[in-house]
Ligand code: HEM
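The data below hold one chain only, encoded as structure tokens and taken in the form predicted on its own.
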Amino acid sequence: MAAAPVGPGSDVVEHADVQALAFHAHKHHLHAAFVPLTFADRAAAGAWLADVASRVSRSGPGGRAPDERVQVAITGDGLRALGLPPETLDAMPQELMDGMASRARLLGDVVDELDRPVGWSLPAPGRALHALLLLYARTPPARDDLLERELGLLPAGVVAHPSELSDALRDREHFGFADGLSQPYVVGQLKDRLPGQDVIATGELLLGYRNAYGRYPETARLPGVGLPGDDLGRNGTFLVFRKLEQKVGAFWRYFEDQAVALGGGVTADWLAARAMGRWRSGVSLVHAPDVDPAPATPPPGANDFRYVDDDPMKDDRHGLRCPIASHVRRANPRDARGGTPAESLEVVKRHRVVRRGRSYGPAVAPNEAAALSPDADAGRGLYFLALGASIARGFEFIQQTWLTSVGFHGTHRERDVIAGGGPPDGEEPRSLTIPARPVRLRLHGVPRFVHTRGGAYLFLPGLRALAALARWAASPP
């Protein structure tokens, strides 16, 4: 049963046709495997899609096996490999069809002189990425069994590349900060809204529903395969998948060195919180600017705050609690983007994404991280997964306009030091401004803490659309 509408975009969600990942983070399934696939044979790809569709987890009640979750997403190249007609492919977003690698420069990733991404291992060089099989289970052995089963069911014409395995899901990312606190509430989801959650229209997540503008965006059509209205997009969404390596040792070593240089009681925790915009506990600097209350888990209401009244950018204050350049303030400006607070909130709602990230690699405690050698400070990071009905208006806008921008809200030649990317270390000076009285602090020589190691843009179709793609590939009209 669909949840009662609670705001704009009040279409009733067809949960039985929506892949579960759109509305569910699979939090009880702590271990994930992400399997890159190549379609070497079109008919084989169609046969595999038809087979796996029966196991794909859907959002509605009864649509998910209790101990496992299976999801399937397809790249633009994958849609081409399935032989979709030109008019269908042309109606897909340009970002999807171009692929993430071709857009690396605008995302702030390191590129060579031909604008090719540097340091990527996913997809592997020379290997086309056509689909991603996403598997979730409760324990490592269960995940391994699920992975073995699904690999064993692949026909010869569908080639699996080395799987990406997550670490156990936890509430903190590798730098040690509570994560996932600012998810938006999507109209139609099957759970209650939490304090501080912004309400966004269903169509900001799912295709076929009204978006923040009150409109139904155009979606691709695929005739002759039994889809209602030939609508391939309805109940689907787009998936951004990025493998981001986190240099945890470099992160804490830098802030420890800066704290020593500054003296006066400044700590590495205090400085790192200014870069992030929250304390490690998840408590916002707006709520607690001076000391981390450090609860075991983020307290209720940790995400329930605004900037204009509590930490304004006016008079002589200018973000004294939460620095304007901090990661969370850039990623979600809330009511302080510009204009009136109400106008800002409405604009920001047009640029939200739903995140489903997982960490990989061994965790290390922040108080031990600074001692890591460069060799040991590798092999851990984040599988960044974000969902939304528009790649351009969601993920790419946030990454390019807010995080990577060197002039966000009056900052001067500063990117987000957490996820803002930019050229390699040494080619561009990085700094972080921390408003303070009587004189602001400005940290210089900030190294790059996050390195992109690969990624893709993918279409996460609805269940009917997935079956339709299988029928087309196996026997096009």
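For clarity, every value in this text was computed on a predicted model and none was experimentally measured. Sequential numbering from 1, following the sequence displayed.
Heads up, the form predicted in complex with the ligand isn't pictured, but that's what we're talking about next.
The partner is absent here, but in the predicted bound form a heavy atom of L403, alone among A104, L403, V286, A250, sits within 4.5 Å of the ligand. Only one of V446, A419, L30, V56 lies close to the ligand in the predicted bound form, with a heavy atom inside 4.5 Å, and it is A419. When contacts are defined as a non-hydrogen atom within 4.5 Å, none of Y209, R234 and R356 contacts the ligand in the predicted bound form. Stretch 241-249 is the contacting one of 364-372, 144-152, 241-249, 223-231, since its residues have non-hydrogen atoms within 4.5 Å of the ligand in the predicted bound form.
Residue contact with the ligand in the predicted bound form: S344 places no heavy atom within 4.5 Å of it. The ligand in the predicted bound form is not approached by V199, whose heavy atoms all lie more than 4.5 angstroms from it.
Not displayed here, the ligand is kept clear of L262 by more than 4.5 Å at the level of heavy atoms in the predicted bound form. Taking non-hydrogen atoms only, F175 approaches the ligand to within 4.5 angstroms in the predicted bound form. Along 394-417, residues F395, I398, Q399, L403 each place a heavy atom within 4.5 Å of the ligand in the predicted bound form.
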